[in-house]
Structures are given as C-alpha cells and as structure tokens.
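In the block that follows, a single chain appears as structure tokens, in the form predicted alone.
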C-alpha cells in the first residue's frame, strides 16, 4: 500500500506537508547511502586506526568512494532505463 492510498481516507493532503515528507525521505535515503559507503570503505581500507591517515589508506578511501558513487549512479541509470522501457509494468503495479 502506498502513502497516497493510506491518506486518501483522510481527505486531501496538504501539499506543503507532502513536500516536507518527500524532502525528509530523500534526506534519509542519502544518509543511509553515506552510512553504507562509510562502512564499506572503512572495512576495505582501514587496517588499523592510528593518529594519522597514511597515504595508502587515503588513496584507498578516495578510490572506494569514487567507485561507490560510480556504481550507485550506474544502478540508478539502469533502473531508469528499465522503467522507461517497461511503462506497462510500472502502471500495473500502481493498480
């Protein structure tokens, strides 16, 4: 059940409230993504924490973050392409 059908019985939804909820949801997704990236890259690049970040770990973190962003962007683009090529499928989900 989506949020629009659960709120339909309550009358019209305030557009400002709806916008606020959308923005907060996007913030939450972004924070989850940053958390995943941090956890993944920390596990991959940090052998033993110390007072300073050595050049090998720094390079590893930079590469890890860049690959994480590249991969996330690739997946989003692929999902968008799939959605555009199958509009009937997404419409059937909303019924």
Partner chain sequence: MEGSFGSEFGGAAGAGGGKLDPGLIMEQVKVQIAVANAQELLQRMTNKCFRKCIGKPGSALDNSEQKCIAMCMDRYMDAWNTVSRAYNSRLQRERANM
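None of the values given here were measured: they were computed from a predicted structure. Numbering follows the first chain given and starts at 1.
The discussion below concerns the form predicted in complex with the partner chain, not included here.
Does the partner chain get within 4.5 angstroms of any non-hydrogen atom of residue 80 in the predicted complex?
No - in the predicted complex, heavy atoms of residue 80 and the partner chain never come within 4.5 Å of each other.
Taking 4.5 angstroms as the cut-off for heavy atoms, does residue 52 touch the partner chain in the predicted complex?
Taking the distances in the predicted complex, the answer for residue 52 is yes, it comes within 4.5 Å of the partner chain.
Counting only non-hydrogen atoms and a 4.5 angstroms cut-off, does residue 17 reach the partner chain in the predicted complex?
Yes, residue 17 is a contact residue.
When the contact criterion is heavy atoms within 4.5 Å, does residue 73 count as touching the partner chain in the predicted complex?
Contact with the partner chain, yes.
What are the residues of 16 to 39, in order along the chain, with a heavy atom within 4.5 Å of the partner chain in the predicted complex?
Going through 16 to 39 in order - heavy atoms within 4.5 Å of the partner chain in the predicted complex - the hits are 16, 17, 18, 20, 21, 24, 25, 28, 30, 31, 32, 33, 34, 35, 36, 37, 38, 39.
Shorter or longer C-alpha distance for residue 18 and residue 77 in the predicted complex, given it differs from this form by 3 Å or more?
Residues separate in the predicted complex, at least 3 Å farther apart.
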